[in-house]
Structures are given as structure tokens and as C-alpha cells.
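Here you get one chain, nothing else, as C-alpha cells; it is the form predicted on its own.
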Amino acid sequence: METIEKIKEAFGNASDLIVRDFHIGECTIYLVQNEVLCTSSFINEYILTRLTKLPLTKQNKEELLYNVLPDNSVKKLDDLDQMLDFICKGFALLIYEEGKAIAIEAKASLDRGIGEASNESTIRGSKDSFNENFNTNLGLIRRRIRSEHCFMETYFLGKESRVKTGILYMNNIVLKEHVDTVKEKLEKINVDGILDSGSLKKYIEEKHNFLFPTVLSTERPDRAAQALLEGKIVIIADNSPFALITPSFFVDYLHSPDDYYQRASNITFLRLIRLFAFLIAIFIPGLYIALTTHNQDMLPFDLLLNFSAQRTSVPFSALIEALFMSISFEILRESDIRKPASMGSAVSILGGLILGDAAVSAGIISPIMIIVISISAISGLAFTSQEMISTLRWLRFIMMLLAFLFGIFGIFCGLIFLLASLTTTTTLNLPYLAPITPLIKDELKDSLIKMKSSKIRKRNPLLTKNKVREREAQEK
């Protein structure tokens, strides 16, 4: 059959492409499947067993194959490109005549089960996390939002990968123009492969935003569900255990999924601690360099003598010290991430204790510099977003260089640069610093300061057309 030859040629006669022919009654049926993508037991038990018992004739074969074979995803195909596409998706094809086939879903389970989140650990919240299966991830969200207003639209991205991607949003809450903007960005993607949400993220972010992340990545389904209820858009991609949330504002990176399982006063304290950690991670090394290099008169005399005594035997400038320690920490952190868990702790102990103590004993690094860089690095680890951690790293190096060149004046210039970057950054054409600027009083109740849930009665007007929450509408 010519169709069979074209399929074999298209796949380059791959060894995992299985083609079998069956003579049933007056008909010859060809079974085509990809061995690694399909479940052989399902095909043998539910397709072939019934197929051999069907009273097929040339007149009724299409009707019987479509209506009698058991599956909820039976599709009629009459195009070669469609056939190739469905074979790659894990469907078994029954080709009953030239150019015509019935596709039956027989996907093999190639994903891991639902486990705990590895990056966004939780204390009191739900323990489940996304995995690499699209339907599982969609189900974890729909299990939390049992509403007919939770819409999902599907795209297949990448000319070669054709990865299944879903856009989720609450139709009765979200602003339609935001959904249209995300759709437009996805439709413009014209590349060979989109492998997961990580490679998809760069096409959704604003191109002119080079410093701060504007699309939040999460492996927590409860966080994704909460974002949907706020009027945001969630994007899930097959083969990826992370969902994308857009738009995401600066205050979102100061929040944690655990915030909604604790008392409001405790949450406020933790968010302020995270903001304080953000400032420490950026400014502390630069401030130390400025005070010890250019602005010694701003230090108390006793403290200045202490710093001077510690740096007596150090042959390098404060900037070289800071760069050496910062780069050493980044190498240590990268090694810790890439190594297996059993080896990671050993690497941390070796780098943190032995090398640090040896550097001080050798007179290469002053003890106070180790304290300063350690505090800055630990403060940066208060954030789970790798993109925000990377942003803190670049800002820290910029502040260190400005402090070395211009002292405290350089720190103020760096602060102006930071504020300018924050205020000019946009996410889906919305201001990144909302609800602080522009000021949205009702939304401030769940930004840095967390009020009781009973006092939060309105949604963010930048995100939603339905500004009044349903609870208040029912009370009225």
C-alpha cells in the first residue's frame, strides 16, 4: 500500500515503527504504531482482540472500526500529515484503505507520579506538585477550581516538537485583552522546538525587560490555582513540571504559597523579611566596599580600627576580595545544585568551612569580608525563583563596582538605577511595581502587608473585569 510506504519513508524506516497487516473477512487492515509511545497490552487486549472478531466487509469496515473499537479518542484521518502527527502523539493507526485511517489513542505512561515540590517546599500547604504529564497537571488545577468558568485553550508549539501547550484562565474574572496578548505571543512562535515551559518562557516575557523576571514559574498547583482566581493567566506545557504565571509583579516574588495557610500577622512579618533580604543581598557588599575604600570617615573610630587591623595582611583591594568570595560562592552553589544529594552536603562543608578558614589563615581574605558576602548570599537564597536570584547576583556585582569607583555616591547612583529599572519594567503592558505604583489601595491589603481574608473584598482592577469578589456580591 502506498500510504504505508510513505509513512515508513517519512520515519526513515525507524526500528521502533511497527507495521502489521491483518486479513479479516474481505478486508486487509494495517496496524501502524510507534513501539515506545504506545502500550502494547492495550493494543493487544482491546484493539486486536475485537478487531479480529469484527464481521468486516468492504462496505461496512469504516463504520465498524469507528463505532465498535473501544476508546474515547477515536478519530478518522484522511491526510498523510495527520497520520504522521498522530503516530508521534502515541496513537495506533488502523489503515483500512488507501489514504484513510482510524486513529485510536494508546499512549504509554512515560511520566513519573505526583510527588512533592522540590524547589518550593511547603510547611502546611498541599504536598503535591506538577509533573511532566499535561493531563495530570491540568487535573491538579481543575481539582482545585471546580468551575465551568475555568477555560483552557490548546496550542501545539514548535514545527518539529509540536509540544502540547495549554492556556488557562477564569473567563468571568480575567481581562480579555490580556488573554489576547498571550495568544498573540504564542502564535508568533516560529521555531523548530519548544521542549518545555522553560524554553517557552522567553517568548512570553517582554523583550525590553532585561533585568527582572516578569513571568513567574511554579511547580505548585495551589499557587497556579490562586493566580487564576486573581485574574492571571496560567500556561502549562507537556513534558514540563513547571507552570508559567503571567502577569507577575515584583510583590509576587515576595510571596510564598505557604502565606495563605498562616495568620495574617505572621505573613506580614515574613514578607517584610523577604524585602529586607532583597535589599541586603544587593547593597551590603557594595556598602562595605564604599565605607572601607572611600568613606572611612562615616565609620566609628573603633570599628574603623577593627576593619583596618583585619585587612593589614590582605594584599588585595576590597573589590577583589568581594569578587573572589562572590565567585567562589557561585561556583560552590552551582556545584551543590548539580551534584547528587549525597555529595552536595560534602561539597558545601568543604567549601564553606575548610576553604573559607584556609583563605583567612593564608591572609588572602579578611574575616569581615567572609561575613559580608555570606550574609548577602544567604539573603539571596530567601527567594525560590531562580530568575530573581540571578537578578540579585547581577545587581550585587553592579553595586560592588559602583561602590569601588565612587563610594557612597556610587551606591546612590545604583539605587536610582534599581528604582528606574523597577518603575520602567512592565509585564503584559502593566506596571511591574503595582499595586505600589500606581497605588491601588484595596490591593495593598495583600501585597507587602497581609490583611485578614475577610477584609480583602476586591480584586486587582489591573487584572480583572470582575472587581468585586463573589462573597461580597452574595452579601449584598
Partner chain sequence: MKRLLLILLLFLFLGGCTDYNEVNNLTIVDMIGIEKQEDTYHLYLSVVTGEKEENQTENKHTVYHVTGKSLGEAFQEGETINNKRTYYNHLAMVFIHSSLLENREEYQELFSFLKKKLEQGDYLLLEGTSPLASFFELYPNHEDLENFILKEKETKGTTTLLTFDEVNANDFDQEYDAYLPSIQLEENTLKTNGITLLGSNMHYDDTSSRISYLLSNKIKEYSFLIPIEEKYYQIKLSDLHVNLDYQENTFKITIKGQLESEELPKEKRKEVQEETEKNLTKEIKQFIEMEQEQNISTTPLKNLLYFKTKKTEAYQKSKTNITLSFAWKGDLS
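Positions refer to the first chain, counted from 1. Keep in mind that what you see is a predicted model, and the values were worked out from it rather than measured.
One more form of this protein, predicted together with the partner chain, exists but is not displayed; see below.
Undergrad: Honest question, do 297, 306 and 402 all end up within 4.5 Å of the partner chain in the model of the complex by heavy atom distance?
TA: Yes, all three are in contact.
Undergrad: For the chain seen here without its partner, which of 189 to 197, 134 to 142, 260 to 268, 317 to 325 has a heavy atom within 4.5 Å of the partner chain in the model of the complex?
TA: Within 4.5 Å of the partner lies stretch 317 to 325.
Undergrad: Does residue 312 reach the partner chain in the model of the complex if we count a contact as any heavy atom within 4.5 Å?
TA: Residue-level check for residue 312: yes, a contact with the partner chain.
Undergrad: With a 4.5 Å heavy atom cut-off, would you call residue 276 a contact of the partner chain in the model of the complex?
TA: Residue 276: no contact with the partner chain in the model of the complex.
Undergrad: State yes or no: in the model of the complex, is some non-hydrogen atom of residue 293 no more than 4.5 angstroms from a non-hydrogen atom of the partner chain?
TA: Output for residue 293 is yes: heavy atoms within 4.5 Å of the partner chain.
Undergrad: Can any non-hydrogen atom of residue 158 be found within 4.5 angstroms of the partner chain in the model of the complex?
TA: Judged by the heavy-atom cut-off of 4.5 Å, residue 158 is well away from the partner chain in the model of the complex.
Undergrad: Pick from 334, 302, 180, 79: which has a non-hydrogen atom within 4.5 Å of the partner chain in the model of the complex?
TA: Looking at 334, 302, 180, 79 one by one, just 302 meets the 4.5 Å heavy-atom criterion.
Undergrad: Select from the listed residues 367, 90, 115, 99 the one whose heavy atoms reach within 4.5 Å of the partner chain in the model of the complex.
TA: So the residue touching the partner chain in the model of the complex, by this definition, is 367.
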